[in-house]
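To begin, one chain is listed below as structure tokens, in the form predicted on its own.
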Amino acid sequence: MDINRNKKEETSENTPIPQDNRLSQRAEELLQKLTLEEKIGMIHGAQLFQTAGVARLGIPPLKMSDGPMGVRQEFLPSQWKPVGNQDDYVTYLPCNSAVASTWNRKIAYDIGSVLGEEARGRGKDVILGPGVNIKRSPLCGRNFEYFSEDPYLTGELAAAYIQGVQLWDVAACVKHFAANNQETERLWTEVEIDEEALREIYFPAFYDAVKKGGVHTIMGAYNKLYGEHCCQSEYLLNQILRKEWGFDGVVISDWGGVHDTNAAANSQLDIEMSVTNDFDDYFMARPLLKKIKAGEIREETVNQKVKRILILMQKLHMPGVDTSGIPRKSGAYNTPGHRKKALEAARESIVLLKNEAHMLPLKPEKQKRILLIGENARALHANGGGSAEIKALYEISPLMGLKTRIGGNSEVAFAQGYCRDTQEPQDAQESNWQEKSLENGGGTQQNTQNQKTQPDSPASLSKKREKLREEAVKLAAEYDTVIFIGGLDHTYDSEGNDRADMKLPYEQDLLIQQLLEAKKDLIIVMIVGSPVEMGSWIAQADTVVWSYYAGMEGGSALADVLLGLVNPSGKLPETFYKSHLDCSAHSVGEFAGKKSVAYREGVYVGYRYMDKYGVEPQFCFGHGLSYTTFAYTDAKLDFEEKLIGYMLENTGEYDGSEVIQVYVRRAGSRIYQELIRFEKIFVKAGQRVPVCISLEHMNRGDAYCIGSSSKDIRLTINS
């Protein structure tokens, strides 16, 4: 055989050029035609949410949008003022914490797909999400935008989410890389952390986004790490992201995350964005142009960035750049199918924390008079939270959801019960908070400066709440079923704002205590973005339901669960501490309030810390009840094939889904146990199904623990 002849044939003109080569060749072809000024225009914001295109060559601008919970409304090109049209209402999706509480990769994929299709339908090229930062502390104001405290759960769901987004010729932009775990002083906080903790806790979800999700773009973080701002970090963007992980996509700065022209230009950052409208004065705009012309910075640094942008545009099949002949998907938004997916995700996200008296599910035919108490029964949450705010097509409140589900044969009444310190958050049509979002170091604790304050003094507010409590408690005695619906809102769960503690605001604890005294069978529902303290009433409460911000159909989903139309299957994606002082970020490490923050807890984050040191949570990682019960039996291990098998039986009266969780306890490890696999399995009442779990790595001496939560271990198998 003539080896040389065969090699020649393999590279003949008739053989298709590999895609990577074709994309690179096309990018080089366009790069040669661009002037330096045109190239500079492509690597920084020319509007608040887009770069400059090059019309003479048919190169379009790159259009971006915020959107972990939906595609954000349209703003004027250079002002943080909404355009004000009626054509940018969108599907309001469950927050990432809600997606995580489904423990369902398909749900994550479906929600990502809805977001991607709506972004494309709105003409966007990059959607700025998902957020995958680890929930190091329950006080971080943006925790509702993130998935979990666990790197494996986060990475699995993020990868599926990204694949769903990018199905629609839209780039996901995973954020914020890396160790961005607080809002206080977020622009200047120096994170002090050892590399082991970075690699075991804070990096894996980003790695999975790159390797499993195939993410096209990554957003840098505001904070500093090892003396460098993350958006221009040699260590993060070059050593880790490009060289070690082989990421060849586009890196975008957080808005205002760049601080130096030389550092940014010579880093692996590709696009600088910010919140100000002096676009030509951005660090990678006119200042960079001047330095290149002066010979201080090589033009090749810009060429590399532009080439990556041009390759991205081809991957997205953007006309004028892509020559593949594949038409770009057009997308769509506000479709019935999208609303259906939002409802499905919301239903699976709801977590039943307690049901000791078996008050739930309620029997609709027996519910003649129901009283809902609490501001969150009627509150809407779409238009708050910072850059996660959504101009929702609609949002179903719990009050509306229950009324529409239960029908006219039952009375459903409402009592306010408590009031906020402030009025409703500023309407999105008037909002300009982002103009000032780089002030005060980028964020504070308990920052309510962007809310319209009431004229009431603390004393008058307390009197007002006392009156509302008295009215609610008196009314509760008159109703068959009383449901308290409280929790948090985006005064507390918000970008630029960390909480001071985990306490429920607005004197809700006192209201709950008094309601429990008057109505022992009170049903408590929490609608929140982060855990709250429950110690003053949890022991007296028999029934507690948990819902993260669950999107436009959140109220309908809650009603479905309360009425037994849906069997709850959500599990907690984070530890619920009794107090934030039980969290390792506070008991061992540092959180907020300083220019540098020491992550002294290292790898002991969330349940890893609680398990290792025997600290009892309020509710453990992975906890969530069902209206049915499940039995785990007949465990077997095949070490050679790296398989674990057992039988899962639904021993109750309701069909339901169980999230089976596999933890490993490694011989000689400092970590007590770590989540290594999970699957969500539907089982009909009375049915017994075989479960087979494949593990990538199985070591002699390790123990594999299978259970319904991190503390409810049903089977232990030693290898």
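Numbering starts at 1 and follows the sequence shown. Computed from a predicted structure; not experimentally measured.
Just so it is clear, the following notes concern the form predicted in complex with a small molecule, a form of the same protein that is not shown.
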Per contact check vs the small molecule in the predicted complex (non-hydrogen atom within 4.5 angstroms), the hit among 173-181, 295-303, 483-491, 532-540 is 173-181
Of E117, D110, E495, E574, the only residue with a heavy atom within 4.5 Å of the small molecule in the predicted complex is E495
From W255, Y599, F247, Y607: within 4.5 Å of the small molecule in the predicted complex by heavy atoms is W255
Is R186 close to the small molecule in the predicted complex, meaning a heavy atom pair under 4.5 Å apart or at it?
yes
task: Report yes if any heavy atom of M219 sits within 4.5 Å of a heavy atom of the small molecule in the predicted complex; otherwise report no.
output: yes
How about R122: is it within 4.5 Å of the small molecule in the predicted complex, going by heavy atoms?
no
Though only this chain appears here, would F678 touch the small molecule in the predicted complex if you measure heavy atom gaps against 4.5 Å? no
